[in-house]
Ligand code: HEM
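Consider the single chain below, provided in structure tokens and representing the form predicted on its own.
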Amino acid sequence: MNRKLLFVLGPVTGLVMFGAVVLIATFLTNREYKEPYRAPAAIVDATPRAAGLTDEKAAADATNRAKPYVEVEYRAFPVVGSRVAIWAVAQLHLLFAAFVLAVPIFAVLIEAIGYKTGDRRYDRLAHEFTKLLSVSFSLTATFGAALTFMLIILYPKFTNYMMSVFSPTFLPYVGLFFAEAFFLYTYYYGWGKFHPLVHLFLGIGLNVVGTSIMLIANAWLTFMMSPNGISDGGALISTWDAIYNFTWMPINVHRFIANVAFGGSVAAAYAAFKFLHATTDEERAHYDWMGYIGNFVAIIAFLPLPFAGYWLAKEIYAYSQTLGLTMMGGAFSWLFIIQAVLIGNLFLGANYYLWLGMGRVEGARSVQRFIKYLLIAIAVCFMVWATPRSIIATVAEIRAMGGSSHPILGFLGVMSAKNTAVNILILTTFMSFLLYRRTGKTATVSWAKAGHAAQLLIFASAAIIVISLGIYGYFVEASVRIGLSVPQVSSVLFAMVAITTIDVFLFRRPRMTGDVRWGRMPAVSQYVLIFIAVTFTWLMGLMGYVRSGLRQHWHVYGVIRDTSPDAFTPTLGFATQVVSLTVLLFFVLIGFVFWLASLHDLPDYDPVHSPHSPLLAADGHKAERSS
């Protein structure tokens, strides 16, 4: 009976529910909003105002359709302006690019030394330097892409012109960038997985590709300062001549050397960072040695850097005397006083670190007695190098001096004195390194006395030549004075090469009088390494601004004029503020790179023994059940 009742009630219930749904839907449909009926506008509102609005809208549509395309020359960047935005992003890109270019150079050299000598310390050191590259390469690419997009957006007309001139170089540039990524990541992740010679080949390929990228990019920026290969109206005649312009090769040499010095200083700062956080003597010893190697590379590259700068300045003068006078005697002359102070600080910091490093070696007192004489020479040269030609003074002070130049100190503000001072600074720093190298060693060759005498004679001769030519420069005309810098530089370079060659054979099998105690350096030595890295970075940013700012109100000097609201030379204070903030941001980012690199020392993730592993959790449940 119950079954029959259910059989009847089931379909009835379904029909009732269906009917209810239909009723509800009909009710809701009848209550939905419907737009009220309105008569056509032509019947209701055929007034002159309505007709006028209609005609106005039609005219605006016709005007918009007939509007021709006009290329925008400039667009504004919010808050800071277009030039400062491009300035900061370009500087960050160049700093990271310099680091990514420099680190593989000495990493491969150190790895080659380790392969030749069989010393595993060098291989470990090269690998630790390379750890800094992965994130740095990504940041370089990121800032490069940001710079490209910002140039297209903010300076479209100028960017289109540069693309029309250098369009044949863009595809090779992109291809080289992919090749650099291939060599970089294969070189890093293939450590210990390839034959050492194959791995060294990958490192050499990375350096060749990175240097090629730098050469192409340098052609773009040097063309802006010294354009070549174009007509008087700016039309392209020869792409190769546009690449090989007047300042391309000097900037290639100058940047290559500067990048190596900069990369070495930042790598030494990383070693200092790790040294200060080390907890064991073994770690301190390793990072002390790493900091020494990085600083050694930085100093070796820094010593010839002023000579490359002289060559670049000479080519700028040769291309345009206006640019040369603006650089050294015009709006940018006071920036070279700041440069002098920074370079003097670099020399002081480098020598101070070397002198502190002598404390690593037992029996260093016999060598340390010469430090006070070197310090006197460095201090005197520093004061001469930083003395300005014209002094900022009041009207009364200028009248009392008889002009803007001091009657006595004014003689130290000219290039004869400054060339002499910087060459003696380089010689003195080289002697500091030579003394450090000899600490704890005694020459055992039969000709040791003659070798020491020859080295002293070469050093004294170079110093006499430099000082004599500097004095002679006061009595000749400007064209001759500029040419005197060549024999000054040549004598210093010859002295360094000759003395080093003699020293290598002189101490080939020395008698050790003391052991090197790595890791026994005071903490202040590590802060000196960080100070050198920061100073060098600031110097690069400042001198980059000088080189770029020489064009003043030109995008491409003499070809494309800058007609934007930023077409003026910033004040010295504003320029140093922008450079300082950029350097600060760079070191914040490089600190992030250091932190990421330090994560490499932590244990790798193990999915089996991880506290969140399901296998470990299952084992724990089994243990609980068994208990």
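The first residue of the sequence shown is number 1, and the count goes up from there. Since the model is a prediction, treat every value here as computed from it, not as a measurement.
Note that the form predicted together with protoporphyrin IX containing FE isn't included here; everything after this is about it.
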Checklist outcome for this item: Of G473, P227, P306, G357, the only residue with a heavy atom within 4.5 Å of protoporphyrin IX containing FE in the predicted bound form is P306
Next on the checklist: Counting any non-hydrogen atom inside 4.5 Å, which residue from A313, L469, I243, V89 sits next to protoporphyrin IX containing FE in the predicted bound form?
Outcome noted: A313
Checklist entry - Among 371-379, 110-118, 125-133, 337-345, which stretch has residues whose heavy atoms lie within 4.5 Å of protoporphyrin IX containing FE in the predicted bound form? => result 337-345
Next on the checklist: Please determine whether F536 contacts protoporphyrin IX containing FE in the predicted bound form, using a 4.5 Å cut-off between heavy atoms.
Outcome noted: yes
Next on the checklist: My question is simply whether W385 lines the interface with protoporphyrin IX containing FE in the predicted bound form - judged by any non-hydrogen atom within 4.5 Å.
Outcome noted: yes
Next on the checklist: Can you tell me if I499 lies within 4.5 angstroms of protoporphyrin IX containing FE in the predicted bound form, counting non-hydrogen atoms only?
Outcome noted: no
Item to check | 4.5 Å heavy atom contact, V445 to protoporphyrin IX containing FE in the predicted bound form | outcome: no
Checklist entry - What residues of 523-561, in sequence order, lie within 4.5 Å of protoporphyrin IX containing FE in the predicted bound form by heavy atom? => result F536, L539, M540, M543, G544, V546, R547
